[in-house]
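The chain that follows stands alone, in the form predicted alone, written as C-alpha cells.
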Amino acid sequence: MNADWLNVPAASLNDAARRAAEERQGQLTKPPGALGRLESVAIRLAAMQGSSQPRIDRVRISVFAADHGVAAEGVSAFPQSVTVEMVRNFARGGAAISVLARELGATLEVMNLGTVNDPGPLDGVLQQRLGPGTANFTIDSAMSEEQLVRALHIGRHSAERARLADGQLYIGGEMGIGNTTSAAALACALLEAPAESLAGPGTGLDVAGVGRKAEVIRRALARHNGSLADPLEALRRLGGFEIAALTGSYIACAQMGLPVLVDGFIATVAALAAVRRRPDAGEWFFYSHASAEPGHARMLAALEAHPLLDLGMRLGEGSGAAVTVPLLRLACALHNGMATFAEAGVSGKS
C-alpha cells in the first residue's frame, strides 16, 4: 500500500457554472449583494457542482474515532475510556452528531480506527483498527509509516463511498480523548508556532491544565525537531489516526470534486495538513464555524478561511459542520427559487 494517490491534482471548478450563477444572482429580485455571503456560497457551490442551480440534498457524514497515547500525560479533563464509550453512544444513536444527522436526513458512518479498549462488533460502526491508539508522541512517533498510509487510505475510501452514493456534501468528524493536544501539536509544527499559542482547554481543562498541555506540546516539538518540515511526516509524528483519516478524506474529496464542509479546531488542522500537502484541495473546502477553542482563529487565519457561523461550539464529531448545513441549503433555495426581475415584473436597478 502506498500514498502515490496524494499526487493526483484536485478537480477543477466549473467556471461556466460559476458565471451562470453569478449572472442569475444579478437578476434576482434584490439589490446586488443584499444576501451577503449567502450569495457567494451559492455561487461557489454552483462552480463545485457544475450546475447554475446547486443543491445540498444528499449529505454524507463520516466520524473517525481513535485514542491517543499522549493522553498518558494528563492532557484531558476526561479519562481515555470515554473514547470507546462514545463509539458505543454513536452506535446507539445518542451522540450529538447522531441527532443532527437524523434531523438533516444525512447519512452517518462511524469508524473505529483504534481505541485502547476494543468494543467488539457494533451495529453501525466500521471496525478499521490500526492499533490500540497512537503512541505517546513525547516519547516516540505517534504512528508508524504503515499506520499513517493506512489511515490516509481509510479517509480516502470514506470519501469514495460518499462520491459513489452521489453525495453532494462531505462532513468529516472525529472523536478521541487527547486529540486536541495532538491537533495543537501538529498545528504548531505546520505553522512554526509556539505551543502556548495553540494549546486550549479542549474538553474543559482549567488554566493549570492548559499550561500542562502546552508543556507537553513543547516537549513533543523538541523531541521531533528537525523532522517536521514535511506535512505528512509531521502528521505521522504528532497526529492521530482520526486526524490522518480526515486529511486523506479531504484530499480525496477535492480530487473527486466533492465539496467539503470542515468542522472545528481538529478538523481544521486536518484541512491545513491537506492543503499543505495538496494546495489545490482548498478550493473545495467550506469552513463551517468558529470554534471556541482558542487556537482555531489562528488556524483559520493561516488558511485565509472565513467560517459561516460563530456559535461558541467546541464539541467536535462534525457537529458544528452539521449545524451549518441548513444555512447552505437555504443559500441554494434562495438562489434557485427567487424570481428574477423579469419573471416578477419588478423594475431593476436604473
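Everything numeric in this text was worked out from a predicted model, so none of it was measured. Each residue number is its position in the shown sequence, starting from 1.
The discussion below concerns the form predicted in complex with another copy of the chain, not included here.
Taking heavy atoms only, is A17 within 4.5 angstroms of another copy of the chain in the predicted complex? Heavy-atom contact with another copy of the chain at 4.5 Å: absent for A17.
Going by a heavy atom distance of 4.5 Å, is A34 a contact of another copy of the chain in the predicted complex? A34: yes, in contact with another copy of the chain in the predicted complex.
M86 near another copy of the chain in the predicted complex, any heavy atom under 4.5 Å? Result yes; M86 sits at the interface with another copy of the chain in the predicted complex.
So, in the predicted complex, is D230 in contact with another copy of the chain at a 4.5 angstroms heavy atom limit? Flag for D230 set to no.
Only one of 295-303, 36-44, 59-67, 279-287 has heavy atoms within 4.5 Å of another copy of the chain in the predicted complex; I'd like to know which. In short, 36-44.
Candidate from N136, S81, Q127, S144 lying within 4.5 Å of another copy of the chain in the predicted complex - any heavy atom: Filtering the options by heavy-atom distance leaves S81.
Contacts with another copy of the chain in the predicted complex - residues in 178-217 whose heavy atoms fall within 4.5 Å: Heavy-atom contacts within 4.5 Å come from T203, G204.
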